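Encoded as structure tokens, the following chain is the form predicted on its own, with no partner shown.
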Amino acid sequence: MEVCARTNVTLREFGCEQTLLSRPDGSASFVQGDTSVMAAVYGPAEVKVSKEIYDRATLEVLIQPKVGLPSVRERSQEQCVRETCEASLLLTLHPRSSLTLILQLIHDDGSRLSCFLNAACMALMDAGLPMNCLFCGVTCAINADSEIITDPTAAQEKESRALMTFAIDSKEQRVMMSYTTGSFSVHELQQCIAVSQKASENIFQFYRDSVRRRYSKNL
């Protein structure tokens, strides 16, 4: 599906740094505009008997808000991130083991779920875990004028009538996960998916550039 002319496919400036923390097996910070997330991956490690799965690894995702305890919103977003990671990781290579992904929100200025997804992917890469594809998150907002805004700020999210976040894979740009709120038509949903797939090209290019810069420094 082609992107509508009324759609503005623009993304805020990205920033990423890997291997920031010494204790986790992989870590990354990801910044989208003024939204910032820190991610840490532990494992594969020993798993509790009650959580053990005989033919694959057990993945646990924990989202920590900036202040206070996790709420229903964090629990819902944990499930979205976990399902996306499970679809991407080759968990069968590590049976009867545990993987833990911790996401700490540093600052929230909109598009937080997509930032969680992007930080998670970069941390999994840093941990060297086997994956069948990379993934990225893209958030779209539909405002009162029915215009689609990609990577919206917190102010733009408040003014929107619908908000959608998609996880896109790097191989075929398929939608791996979707999280939607508000009211929208089927056509608008299709437009947002097309916009997210187009925007994902820029994010995957940023992934490549970021990793290339990191290893060129090490060499």
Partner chain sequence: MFSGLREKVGQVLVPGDEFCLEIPETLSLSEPMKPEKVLLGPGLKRKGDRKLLVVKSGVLRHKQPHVFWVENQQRRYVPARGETVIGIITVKSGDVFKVDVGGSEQASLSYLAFEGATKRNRPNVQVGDLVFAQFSVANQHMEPELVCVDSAGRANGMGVFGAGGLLFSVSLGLIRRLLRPRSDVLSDLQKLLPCELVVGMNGRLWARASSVQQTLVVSNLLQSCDTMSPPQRQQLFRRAAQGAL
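Keep in mind that this is a model prediction, so the values were computed, not measured. Positions refer to the first chain, counted from 1.
Keep in mind the form predicted in complex with its partner chain is missing from the figure; the text below concerns it.
**Q** Heavy atoms, 4.5 Å, its partner chain in the predicted complex: which of 126 to 134, 139 to 147, 111 to 119, 79 to 87 makes the cut? Say which one.
**A** Partner-contacting stretch among the options: 126 to 134.
**Q** Verify the contact flag for T58: yes if a non-hydrogen atom of it lies within 4.5 Å of a non-hydrogen atom of its partner chain in the predicted complex, no if not.
**A** Residue-level check for T58: no, no contact with its partner chain.
**Q** Flag A45 as yes or no: does it have a non-hydrogen atom within 4.5 angstroms of any non-hydrogen atom of its partner chain in the predicted complex?
**A** Yes, A45 lies within 4.5 Å of its partner chain in the predicted complex.
**Q** How about T165 - does it come within 4.5 Å of its partner chain in the predicted complex, if we only consider non-hydrogen atoms?
**A** T165 lies outside the contact set for its partner chain.
**Q** Does its partner chain come within 4.5 Å of any heavy atom of K171 in the predicted complex?
**A** Residue-level check for K171: yes, a contact with its partner chain.
**Q** Along 66 to 95, which positions have a non-hydrogen atom within 4.5 Å of its partner chain in the predicted complex?
**A** Read in sequence order, the residues that approach its partner chain (within 4.5 Å, in the predicted complex) are L90, T92, L93, H94, P95.
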